Structure formats: structure tokens, C-alpha cells
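Have a look below at one chain only, the form predicted on its own, in C-alpha cells format.
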Amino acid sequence: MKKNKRIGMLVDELTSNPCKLFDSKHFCEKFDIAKSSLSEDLAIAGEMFEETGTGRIESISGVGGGIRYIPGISKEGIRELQAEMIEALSDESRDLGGGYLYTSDIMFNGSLVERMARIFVQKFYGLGANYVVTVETKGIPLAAQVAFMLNVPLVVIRREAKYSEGSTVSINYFSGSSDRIQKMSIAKRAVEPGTKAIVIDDYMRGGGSLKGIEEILHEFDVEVVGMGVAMVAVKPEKKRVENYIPILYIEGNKEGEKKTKFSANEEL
């Protein structure tokens, strides 16, 4: 097999299985090459990922080691994504009144979701998370993409218990976006005690939903090691959770203006 074709197949398998650890023997046997040739191929692939800002290859030596591709995104890619989201969200027709904004097409846009997920994978990789957790509904596509890229299961917390979930645990929490008490439920067999989770959601106002997720996971002795949110309202300033990572801030309407203001999280 020609070297360029071999590298193409190597990159395809790594990117199709993000964060999966491959034994180097797998590729040596697949391509019928020596470890030295594989090392050269990986170096070229790694340079390509670095130049395009799409991730990196991690090589772990020793027993239990191997090779894995970790998705990422460049600073330029993040700024382009933020600008694209802000342009789309700035359409005045999205304002539904009562402080609500139409965002479904944003959160179900495959291209935007894939790039948002890369941001969170880049931030949270290495925290040892066993699960990615979200609450239904609009955060599911983003959370699913993050879970896929981190190679861990996705857990979806329900607004109401479902018979098909089996035995569940439920809690009541205060939702800042709706200003009322709501309920969320999780199947008892969805997570294992003593594990770690990353929480992903589409929108946060006061942090009530994310606090609820944190509390219900605490019932299972599951530690929340990271929180990622696509869009966060600037007000109220005091949130019910801390250490969350937003992609965009929603600044709200200024007096006398109809258009909602948005800004990028410049710390990304």
C-alpha cells in the first residue's frame, strides 16, 4: 500500500473513533508495516492535525498504552464559530417575547454542534469523566456529540419519569428560566456510583437546571468535573453553579432596543 493511502486510512480510522485507544499492533498488522513506519505515519498525521487545528494524536508508551486521536479546534476556528452563531442569533425575528429566544435551529445544526463539541472536548479531556450528562431536550445533540468525541456514554435526564427507564430517582429543582419548581428524573441504572460526569446544556439563565443535575447526580455519588453551556444569560449575575464554560453570552435587550445583544466568551 502506498504511504499516502496508508496515512489517509490511518487518519480516517482515528477520527472515526475519537478518544479510542488503539494498540499500535492494530495498525502494524492492518497495514503490514513495522513500528518505525507507523511512527513516521503518525508524525505526519499529527502535523496535519496541528496545522489544521482539528486536534492531536496522543501516544502512550508502556503496557496498556497505545494511540488515540483527541478532537480539538483552533483559536481561529472558535472565533469563526462564535461569529457565525452571533450573526444567526441576531435576527430580530428570533425574539419570542417574555425573554425567550428561538434557538432550536442553532442547537440542531450539525455543523455548529460539531464545532461546539470540539471546544468542550478540548477543555474537558483529561478530567477522567465516565459520562456526559444533559437534561432533555435541546441540549441532547450537543451532549451526544461531546460524548461521542470523548468516547463515553451519554446520560439524558428526563423532565418526567418514563416507564421504559425502569426504577428512577427524581428531585424537584427551581428553574430560573421558567421561574417555577420543576422535576427531573434519572434511571437508577443509568450511572455507576463513584464515577465522574461532565454536564452539557444548551442554555443557562440562573443555573437552576444545572444545579438540579448536579444534585441528582450527587444522589448516586457521581462527581461533576466540568460544565459546558452553549449560551449563558449575563443576568442574573449570581448563578446557582460555578466553574461553567460558556461559548456565548446573551446580554439581553438594552432599553429602547428590540434586538438582543450577544457576545463571545473571549477566554476560550
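Throughout, we count residues from 1 along the sequence that is shown. Only a predicted model underlies this, so the values are computations on that prediction, with no experimental measurement involved.
Although not depicted, the form predicted in complex with a further copy of the same chain is the subject of the following passage.
Heavy atoms of every residue among 44, 96 and 138 are located within 4.5 Å of a further copy of the same chain in the model of the complex.
Remark: residue 79 does not count among the residues lining a further copy of the same chain in the model of the complex, judged by a heavy atom distance of 4.5 Å or less. Not displayed here, a further copy of the same chain is kept clear of residue 220 by more than 4.5 Å at the level of heavy atoms in the model of the complex. In the model of the complex, at least one heavy atom of residue 4 sits within 4.5 Å of a heavy atom of a further copy of the same chain. At least one heavy atom of residue 158 is located within 4.5 Å of a further copy of the same chain in the model of the complex. Taking a further copy of the same chain as it sits in the model of the complex, the stretch 1-31 comes within 4.5 angstroms of it through a non-hydrogen atom at 1, 3, 4, 5, 7, 8, 9, 11, 12, 15, 16.
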